[in-house]
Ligand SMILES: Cc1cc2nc3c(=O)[nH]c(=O)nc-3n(C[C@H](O)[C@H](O)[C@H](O)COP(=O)(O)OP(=O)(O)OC[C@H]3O[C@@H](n4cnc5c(N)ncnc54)[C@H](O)[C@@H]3O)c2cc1C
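First comes one chain, alone, set out as structure tokens in the form predicted on its own.
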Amino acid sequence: MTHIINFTCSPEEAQDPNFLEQRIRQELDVKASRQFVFRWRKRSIDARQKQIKINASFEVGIDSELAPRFALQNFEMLPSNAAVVHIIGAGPAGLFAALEAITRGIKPVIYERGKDIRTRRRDLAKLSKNQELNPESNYCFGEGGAGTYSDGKLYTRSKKRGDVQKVLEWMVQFGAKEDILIDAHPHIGTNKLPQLIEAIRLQILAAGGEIHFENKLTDISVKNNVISSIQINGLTEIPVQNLVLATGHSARDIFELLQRHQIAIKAKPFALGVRVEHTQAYIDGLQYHGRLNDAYLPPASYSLVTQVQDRGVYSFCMCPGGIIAPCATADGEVVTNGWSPSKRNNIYANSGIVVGIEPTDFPNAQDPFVCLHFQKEIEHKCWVAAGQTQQVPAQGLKDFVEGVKTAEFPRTSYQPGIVSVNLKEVLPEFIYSRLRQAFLDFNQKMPGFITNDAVVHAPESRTSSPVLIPRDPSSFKHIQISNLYPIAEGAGYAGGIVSAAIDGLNCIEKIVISSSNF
């Protein structure tokens, strides 16, 4: 019989098998003569008080073995006459849509503008080391999507949207550690995600699906509100029955393509700000009440939010033990983002600190590109301010709050480099003033947060898509085009790896339900 038991313990006790065995035996009143096995079910840290606790939940089998955590999914070979679904984009939404299609006997055919995972890595190295930007192969475009090389955080609040557990279990099946099924804030790590993505690709191909790299959607043919065919790389015309658009939040050309064909899109709220980097030891000290270099605690993170002038200002994509990366997708712009390896063992901690932005912040609020144009404008201004390279404008955090230019920086993990700029002169006043007040608020919540040992990098601008591709919530179909299924971050319906993957799963289910072809 399997029992569930919950208790709190110290970080040291949580890593002591003898303590855990005795505590479980005591809690369940298991006599010494009886055997039992146990494993972690859920785990979280409570660091609100000086005495840090681990919230522990275990599955316990008394006089019996524990069943496997989950059943492996069988992805059977597709029949030669299987129906086909075409998918644009090989990020988490596109890949999980493809996997779900296979389980339902549908052949997925994916077109990805970027390169495969290993070739893509070489382009990222050129960008970081030599500032050579490939607009089709970078941190946003390529196999695995933007999340592959920007951390792999799996925490989501989208549990009502679909089967989070299924997504996590499939990730474990393809190589992630079972810890992602246990930890309250699961994380894979940029160094581990490529192998997982590659394993998913091999499974799709083994089942009879197709994935085409360096194949960019360049046009569509629309007849009677139906997409009859798509054009790839400006040459190949491919007939389609159902088209899943999973292109990510930075595929700006896709928005332009849709508008060119008078397909409905509209401006969407998003967030923009800066990325702040402290040392990890500094954040550990703030969050763990002075405990440093502690083998029993993971690198500390933080989650901060405040309201300033009726707008939310909040931390975004916080990366303990992480690196700030260059994430531009076109010449004439700079963009920052953050990532962490699986062990989160770099000496830095960084997080986006961003301000919510609404289309109504601008005079032409009805223009579907109004927020996108603003995003591009800030990225270009930062590029100019830093010398028209992939270096970024930066400022000490204390200097940012005081509005003075920084004379000397302690360090940065941003490999292309930083340039001292008074960001008050680059960011619009309504962004700068809200960020400044937010930092003062955060310093009240985390005393010591404001310091010139922390470096502000600008901009953090790709938090989500600034354009929405509207769809019917009951069918996932575009409100105008009956066989177009816009999904995940690029369409404005997801905000991270897991939520995007869920959207991919749900989309295929909707296609199966609504399409007579399947």
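Residue positions are given as counts along the sequence shown, with the first one as 1. Remember, it's a predicted structure, so these values are computed and weren't measured experimentally.
Another form, the form predicted together with the named molecule, is not on view; read the next lines as being about it.
Comparing 433-441, 261-269, 107-115, 172-180 against the named molecule in the model of the complex, the single stretch with non-hydrogen atoms within 4.5 angstroms of it is 107-115. Contact with the named molecule in the model of the complex, defined as a heavy atom within 4.5 Å, is made by all three of C140, G248 and E489.
Proximity of A97 to the named molecule in the model of the complex: non-hydrogen atoms within 4.5 Å are absent; the residue sits far from the partner.
The named molecule in the model of the complex is not approached by C507, whose heavy atoms all lie more than 4.5 angstroms from it. Mapping the unseen interface onto this chain, L217 counts among the residues with a heavy atom inside 4.5 Å of the named molecule in the model of the complex. A residue is said to contact a partner when one of its heavy atoms sits within 4.5 Å of a partner heavy atom; Y149 meets this definition for the named molecule in the model of the complex.
Among G273, P320, P393, G144, the residue placing a heavy atom within 4.5 Å of the named molecule in the model of the complex is G144. Of the residues V85, C327, C371, A349, just one reaches the named molecule in the model of the complex with a heavy atom at 4.5 Å or closer; this is C327. Residues of 324-349 lying near the named molecule in the model of the complex, listed in sequence order, are C327, N337, G338, the criterion being any heavy atom within 4.5 Å.
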